[in-house]
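Below sits a lone chain in structure tokens, taken as the form predicted alone.
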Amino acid sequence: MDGMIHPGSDAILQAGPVELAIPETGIANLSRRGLLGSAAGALLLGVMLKGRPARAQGEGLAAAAPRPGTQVPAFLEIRQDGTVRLLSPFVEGGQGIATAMAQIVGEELDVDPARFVVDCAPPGADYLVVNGRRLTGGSYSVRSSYGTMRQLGATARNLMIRAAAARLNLPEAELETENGTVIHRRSNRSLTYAELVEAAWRLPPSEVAALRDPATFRWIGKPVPRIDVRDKSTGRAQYAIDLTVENMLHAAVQHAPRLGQEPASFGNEAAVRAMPGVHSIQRLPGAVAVLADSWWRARRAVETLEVTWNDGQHARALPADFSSAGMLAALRGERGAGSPAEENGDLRAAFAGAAKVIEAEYDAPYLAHAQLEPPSAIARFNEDGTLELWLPNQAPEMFQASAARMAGLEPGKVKIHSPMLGGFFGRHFLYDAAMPYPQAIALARAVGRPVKVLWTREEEFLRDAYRPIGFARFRGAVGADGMPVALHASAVGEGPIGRYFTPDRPVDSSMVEGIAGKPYSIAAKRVDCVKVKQPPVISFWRSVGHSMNDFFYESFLDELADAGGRDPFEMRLAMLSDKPRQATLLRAVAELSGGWKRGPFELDGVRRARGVAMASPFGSEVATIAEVSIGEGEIRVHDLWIAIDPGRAVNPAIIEAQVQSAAAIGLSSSLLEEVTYEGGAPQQRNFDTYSILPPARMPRIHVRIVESGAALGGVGEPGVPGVPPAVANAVAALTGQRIRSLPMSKVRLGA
């Protein structure tokens, strides 16, 4: 077991395809928009390629896909106006993936990304580009598909050149391309891609189309403007809540106060049925719905309905006495050894010979996703026996399979449309009772008409799948020189990877990531995973286990620095002497901040201090420094400096924006956010009780991208985990008070 490090949840994504039995109440990840049809005058590539159709909705996953990146018609449509429509394997949810895909494909195709229209591809074997799967999550989209999408663009460009060579009766070697046009310089002749597309798509694609030399890149690596900004700014962008279909009824839902309860009786059913626009009242598992000719009328009616609830049969029923305080007490009381996720060195001897030993316990609460867009879904059964769904998701094939089981159909009979997401954060997976699409399917079947289900904010908070509560116990030791010599950590609880993907493994990787596998040199260390089931429906949340575990670890590392009389920045740097990538990043963030200084110090008449933290999430490395002060008992964060090494940058502007947004959610969660359970039900039902960071408390965020040349890492989530510990470490330096429980607003701090 010596030197063993259990992989984090990132490794689950990197692994090859595995057989996963996804239960009816299980979770999965899905992607985005279905095939909505082509614009007038456009040539859909799949139609033009005889014998090689794009395998999409109807064919499901039965057919084996050829070499990724060679099935051009499945992905690309060249329109007569010179624009290019790309069917992306990934969901656009504000992270900029549509622009990144346009950059990568456009670079090799030789078409300006600004000329791309990017939609989410329907379910189909061609789009399983994430190691034989398809999902949008884990900060994995670009790094998992970079080579495939480059090959796609290169293959398409090669087809255009070959078609032009045949048309012009010229050698291919004499032709070149320029922004959607094939050119023969010597004769001054040219043909646009739109003129060539029909002939090009009839050619067999080359399996070895040459890629460009990265030294010649014009768009990859550049801050290309996002291609979706105009539509979002002008209101043309459509999210799931904006969509309608003909003859549609609107449904509003009232869920049982506690998961596991069922509707028993209605006290005023006749009065509600008589309300304006009401079509019907329908019972659902754990809920009731009112259907009406408008959603507002449906909502008013369902909120008027007086429902008596009884306990029912549900695999995830919450006990009536369940509370988050009781859950945390249970985690604190669990003293089992668990299973080692990481182990090296002689821990017993290291502690016995240490100069000083310290212990600490840390915890973090349940968190809601609190996305901007409330959940919704539209279901329609068509005359041809198919079921059509419009719903936010992060993995179309998984939702297709789940919906097919619910409807009693073959997967190929279920058509999935995946609009862009109005909020991401791991919310749009197949969490039990947390998604409205099963309700939409049941209601559409019951009334024989298309039905749109839209949850209110209160119903969203009530049935959200929460980030699990976290607890970790640390014991550490420093030597005579003040440097750490031993560390023993135990992560206690449950994580989403263990619940949904690896329930039989002794180590849940999402419980220990951010604690196991840290880059610091410590002679003896052990990290244990102590599994304790949690009754609520738990979920992935932005940066998953890292969102709490790096707070635990990096805060305790500062405690070790104080125990040894060491500066926490210098101590980290010394512990990274054999890790040049991380050491370079740590120096970079110090330089970005104007030079490391812990404090306390005065600036503009305000007493301040700084804290530092590092994280290694999703294939990237991140270093963070926070500067804080205390005002009226509250933590005020003035600046966050974040250096990120994603290996290489595809779009620096998007990386910077993602780090800034991740820092905002990291700060919001560390200072304010918390879901508490009492009586088996969450107490936070809207933003009046679930506090998020207000604009007035948003600090300045400074970002530096350090390209080490390592393998591509993720960028959507890595900015989160360094923020909570950097802030907590700064507060400790300023006040001498160590905060070990989130959110920090629970602690009233003196000036």
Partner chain sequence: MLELTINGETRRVEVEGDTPLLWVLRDTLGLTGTKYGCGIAQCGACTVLVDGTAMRSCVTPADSVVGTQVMTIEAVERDPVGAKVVEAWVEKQVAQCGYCQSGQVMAATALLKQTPKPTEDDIAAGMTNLCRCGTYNAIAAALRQASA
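Positions refer to the first chain, counted from 1. All of these numbers come straight from a predicted model, not from anything done at the bench.
Keep in mind that the form predicted together with its partner chain is not shown, yet the notes after this line are about it.
Although its partner chain is absent from this view, report whether Gln683 comes within 4.5 Å of it in the predicted complex, heavy atoms only. No, Gln683 stays farther than 4.5 Å from its partner chain in the predicted complex.
Even though the partner isn't displayed, in the predicted complex is Pro171 close enough to its partner chain, meaning a heavy atom within 4.5 Å? Because no heavy atom of Pro171 falls inside 4.5 Å of its partner chain in the predicted complex, the answer is no.
So, in the predicted complex, is Gly235 in contact with its partner chain at a 4.5 angstroms heavy atom limit? Although its partner chain is absent here, Gly235 would touch it in the predicted complex, with heavy atoms inside 4.5 Å.
Please run the contact check for Pro122 against its partner chain in the predicted complex: heavy atoms, 4.5 angstroms, yes or no? No, no contact at 4.5 Å.
Which pick from Ile241, Val357, Ala523, Leu603 sits with a heavy atom within 4.5 Å of its partner chain in the predicted complex? Residue within 4.5 Å of the partner: Ile241.
Would you mind picking the one in Ala154, Ala486, Ala301, Ala368 that has a heavy atom within 4.5 Å of its partner chain in the predicted complex? Comparing distances to its partner chain in the predicted complex, the residue within 4.5 Å is Ala368.
Can you pick the stretch from 161-169, 219-227, 433-441, 477-485 whose heavy atoms fall within 4.5 Å of its partner chain in the predicted complex? Flagged stretch: 219-227.
Could you list the residues in 391-425 that come within 4.5 Å of its partner chain in the predicted complex, counting only heavy atoms and keeping sequence order? Read in sequence order, the residues that approach its partner chain (within 4.5 Å, in the predicted complex) are Leu421, Gly422, Gly423, Phe425.
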